[in-house]
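Just one chain is shown here, as structure tokens, and it is the form predicted on its own.
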Amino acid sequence: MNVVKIAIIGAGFSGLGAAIKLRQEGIDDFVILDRGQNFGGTWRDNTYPGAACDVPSHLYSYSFAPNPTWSRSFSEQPEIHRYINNVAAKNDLESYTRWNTEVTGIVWNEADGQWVITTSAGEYRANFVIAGVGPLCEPKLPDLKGIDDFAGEIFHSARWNHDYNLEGKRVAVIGTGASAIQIIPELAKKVGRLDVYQRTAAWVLPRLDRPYSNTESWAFKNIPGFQTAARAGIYASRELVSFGLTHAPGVLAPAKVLGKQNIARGISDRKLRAAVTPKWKVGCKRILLSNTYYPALNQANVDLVTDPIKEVTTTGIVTADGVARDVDAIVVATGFHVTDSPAFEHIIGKDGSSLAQVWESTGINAYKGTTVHGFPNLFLMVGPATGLGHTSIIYMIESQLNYLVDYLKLQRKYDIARVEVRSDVQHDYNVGIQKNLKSSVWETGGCASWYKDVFGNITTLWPGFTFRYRHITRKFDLAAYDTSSAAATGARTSAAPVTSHPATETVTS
């Protein structure tokens, strides 16, 4: 059995960032547990053709680890993966990490005041757990009749089979979301025939991507403040979009014009144009970026199928209209378990209930997207109501890390052994979150999306400007928590009770 002060689950942007901040605070008694073989998380696992980021490079990186050598304005997967591993190497984190270690259980032991973590490589005990598993780690497979009987090759976009040669084959892609619109143009270049199965059309705007010039690259490396200014400009422009998403969807009308122009440029057939034009407002579902998706659909060897899938046979796919299309391979690009992640089932709190069970009865919620009542000494990274529809999630991760670091300072100051957010504080906070989302495009835009849980609440997205979230996480508000000291287990610290309505401050944009 291994005993550590802090266990970090996951070695992606969240887990890596947490480890760096711990070392900066002089804390070395921690371990990173990851089922993979190197750093990167989703950017390690998603290696499908065309994989790239929809956030500009200079913003999709740590503010404390700028990369002046980005090759283009929107980075592709290999470059992002390389950046993450370079940052890890510079901070000497390899020795803190246990690779090929699948976490199968995280159980709170109230008597000992510790988390018991079971893994494929043995048991760990930790006083504190930072769960950096990420929302895009568990592929979601479609529930289709006969899919297990398909005799050809089938794989999810996040588990790409690079050993299978798709050249000249008949291929079906199920899904037209963020991953699919990157995959489809690449497959269209090489396969014999490509069937694209679309359930709902998405708004796809032009992707303003280009390689950086030699002059720009030189400036990023050699002119002090140039890269910082570029990052700030990108951030500011993206924050303007958040106002439209949360408060005034009409502000996004120009984006709809851009989307229609993008369709008109890429597709010549009027019927096909109509099929890919969404009926809901821009922003209701994730806004996608591509210059190549619509031209790919316009190719002679590509067919867009909008009839629902009835079943999968041993040789292909049958749609509701009775048409059977035989294929050699099926690529499943149907996203991830976000609001129903299997990871939630493995985290067991003080009352013996899993995070999944608690959220099944209460709805998915947390305090500041980070702590949950009933789960002491647990920090969630990119938890409920921290997701974004307009800018870089790394900004939110760094905000959470600020909150974590400030807690660790208080923990040392007051000798805190156990910290648990109060249920009334968590409840009021989330009432405020939902109230602020009522006027958002996610509620009024006319679409159904994975942003909502089974109760119909938008549980994944942050409402409003991200600098508001940065503001409320700048300091750890100890008064919102029940705490006990190491010297007197079960005794509250001298922290004063909450005297203001937490939700009022936290969700005002």
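Start at 1 and count along the sequence shown; that's the residue number. The structure presented is a predicted model; accordingly, all values stated were derived computationally and were not measured.
This protein has a second form, the form predicted in complex with a small molecule, left out of what is shown; the following refers to that one.
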{"item": "The small molecule contact in the predicted bound form: residue 443, any heavy atom under 4.5 Å", "value": "no"}
{"item": "Contact of residue 334 with the small molecule in the predicted bound form (heavy atom, 4.5 Å)", "value": "yes"}
{"item": "Heavy atom of residue 154 within 4.5 Å of the small molecule in the predicted bound form", "value": "no"}
{"item": "Residue contact check: residue 472 to the small molecule in the predicted bound form, 4.5 Å heavy atom", "value": "no"}
{"item": "One stretch from 414-422, 429-437, 197-205, 364-372 that, in the predicted bound form, holds residues within 4.5 Å of the small molecule by heavy atom", "value": "197-205"}
{"item": "Full three-residue contact with the small molecule in the predicted bound form, heavy atom 4.5 Å, for 4, 9 and 128", "value": "no"}
{"item": "Among the candidates 286, 231, 346, 169, the residue which, in the predicted bound form, approaches the small molecule to within 4.5 Å (heavy atoms)", "value": "286"}
{"item": "In the predicted bound form, the one of 65, 31, 479, 53 near the small molecule [non-hydrogen atom within 4.5 angstroms]", "value": "53"}
